[in-house]
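To begin, one chain is listed below as structure tokens, in the form predicted alone.
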């Protein structure tokens, strides 16, 4: 039994070892100026040194194509749509395959490592200097957001279909996947949104539940190693920033008079408000800091989780040069820790969605409560 378990762990390690083979590929310039990958004996030295940092950042950073695998030196990728505007004002739309692996198209190319705007589309201007064009490209993260959003819509509509079919039976109890979704929805509604927001919680429930499921689905899909998963959507600070701004829009636009009175003219001694508006400035700073906290909390936790899992996986390849025995031990250690971290990240995926929804509900509730009115009523 132990021998069989060891063989299974070694097999998993071998399968995981095929993922970063593209990192060992070296690119050299040919006489025609194009870049071509070189393999075989010339890349033997490169195989001994795995670029762990490059591998990790290759996963967590955004890209113009969706890399699936590297087979015998050939990159299997899904090209995405690039949309850019040159300095002359002309718009260009082309496949990312035209600018991948060092190629250029109509003067546009992806900035290589070590240069300014590394990994982004750039172009050579009329003055001979490299500039960053207006870039509206459909990148990997954008494609991942689209796929995950469609998956979320399919899940919600599938659950709603069950209820539409059984609306004649008020005693029908959902089972399986529909029952799990109902249980999760009711727990968020009853335990977070209703007590945090207050009496008009139904006004905000659609947004808050959408935010919870959107983050939860994107977190889970980010843990799937193969297409259509693997996109680091919630580990991208631009995505978390937009979600935080959506929450703060709901808080500040729909906040009542009592909320703004507490910010602009709080219940403190007058000398702290006039002539120097000390407390209003502090309160306005709090309005700005809340979306910052929402942004960084989600972004940092998801990004850290992906980084740790990739670093643990790389132990298999780093230990190759340490000998067979050490490589076997480190492979088992790496696989066990990677599995543990994946299970932990599933829990983190839920916790981060839960925390974001809870904080958003609390912020909304603070903008809706009638503190002074309630105080006067008690008197």
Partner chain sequence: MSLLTPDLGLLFWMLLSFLLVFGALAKFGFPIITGMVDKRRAHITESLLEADKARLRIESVEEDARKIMDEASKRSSEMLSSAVAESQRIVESARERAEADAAARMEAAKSQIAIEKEKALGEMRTTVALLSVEVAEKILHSKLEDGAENNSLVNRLIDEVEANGQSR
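The model shown is predicted, which means the values in this text are computed figures rather than measured ones. Residue numbers count along the first chain shown, from 1.
Another form, the form predicted in complex with the partner chain, is not on view; read the next lines as being about it.
- Every residue of the trio 202, 239 and 242 has some heavy atom no more than 4.5 Å from the partner chain in the predicted complex.
- In the predicted complex, the partner chain sits within 4.5 Å of a heavy atom belonging to residue 146.
- Interface residue remark: residue 285 is not counted as part of the site for the partner chain in the predicted complex, having no heavy atom within 4.5 Å.
- The closest heavy atom approach of residue 136 to the partner chain in the predicted complex falls within 4.5 Å.
- When contacts are judged by a 4.5 Å heavy atom cut-off, residue 182 counts as touching the partner chain in the predicted complex.
- Between the options 272, 130, 304, 209, the residue in contact with the partner chain in the predicted complex by a heavy atom within 4.5 angstroms is 209.
- The partner is absent here; in the predicted complex, the one residue of 88, 267, 190, 115 having a heavy atom within 4.5 Å of the partner chain is 190.
- Partner proximity in the predicted complex, defined as non-hydrogen atoms within 4.5 angstroms of the partner chain, places exactly one of 329-337, 59-67, 342-350, 312-320 at the interface: 59-67.
- In the predicted complex, just one residue of 78-95 lies within 4.5 Å of the partner chain by at least one heavy atom: 83.
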